[in-house]
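This document opens with one chain alone, in structure tokens, the form predicted on its own.
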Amino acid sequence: MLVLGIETTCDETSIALVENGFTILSHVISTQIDLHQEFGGVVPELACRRHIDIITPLIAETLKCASVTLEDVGLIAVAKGPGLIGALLIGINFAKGLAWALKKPLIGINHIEAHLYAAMMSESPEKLKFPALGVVLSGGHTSLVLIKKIGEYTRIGETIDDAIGEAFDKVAKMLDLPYPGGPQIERLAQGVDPHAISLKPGKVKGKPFDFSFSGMKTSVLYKLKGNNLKRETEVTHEEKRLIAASFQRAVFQDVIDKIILAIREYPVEAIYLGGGVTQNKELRTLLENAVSLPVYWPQANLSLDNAAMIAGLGYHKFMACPEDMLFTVEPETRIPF
């Protein structure tokens, strides 16, 4: 089955064609970093306007790259959330119109769930191991889930305040670094002692797998501005490098500590990670040195919000329950996971 995937949850517009859940025939992503960089974050109205402008040309480009037509498509999968309500409406209504015109079935996909599936797409189906631990580390979401099989999950931990990518963006802004902040902090932190400054993540009472990053963000502010927010001397470039390295290491160590705790408590055979933060080389090195289980990472082009993971997961969801959602799928800004 050839699945057309559509992703417009935030500031990436993406279209993909995926065969039988794993084989990517064509995959196009249009980012909006140039549009939002001057604001230090995503401006929803601007994001929506760009989605409207680019979605139809991207469909044409994706079909051309795969040398197929819309008539060859067997299923349309669209990200239904979580995300920005305006952006979701654009993608979902476009998908509904397309499905209606082509008389093709439509399925709505939770794009957080799809982030975990992205790590599975690089492997052959017979090599995937379950039960497993899923770790979502993105700009808008941070969570730990137990994966019994594709489509069957139990959440055991989540962030109670900032998502990990959001925390990186906010700290980067404090350090006068451009958006998006994660890659900028990673570059600034290279070759610097990550233990030079003491930064401690928050603990959530009675919930050992939950995350809290807002306290570290405040600690960084005090390091930069002084405890009374009236620092008299200017922060040097070297101080910023030490703060970046210490913040990055403290955040990642907190994630790894919770992963280790989870694999000790639950019988899992592998770890699947998803989200843009997974591209950080420091994180990859730290985790692979800390655990003995197989660790599956998404490819670079599947780590950010993308339509290939939507189409791939859509295939499995539809095969498990072949229901046409043309008249039932609606945007969901928040989805429990």
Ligand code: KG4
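Every value quoted in this text rests on a predicted model; they were computed, and no experiment measured them. Numbers follow the displayed sequence, beginning with 1.
Unshown form predicted in complex with this ligand; subsequent notes refer to it.
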query	finding
Candidate site 168, 180 and 280: all three near this ligand in the predicted bound form by heavy atom within 4.5 Å	yes
Contacting member of 219, 159, 138, 246, with respect to this ligand in the predicted bound form [4.5 Å, heavy atom]	138
Interface membership of residue 275, this ligand in the predicted bound form, 4.5 Å heavy atom rule	yes
Close approach of residue 304 to this ligand in the predicted bound form, 4.5 Å, heavy atom	yes
Partner contact for residue 186 in the predicted bound form: this ligand, 4.5 angstroms, heavy atom	yes
One stretch from 189-197, 109-117, 124-132, 146-154 that, in the predicted bound form, holds residues within 4.5 Å of this ligand by heavy atom	109-117
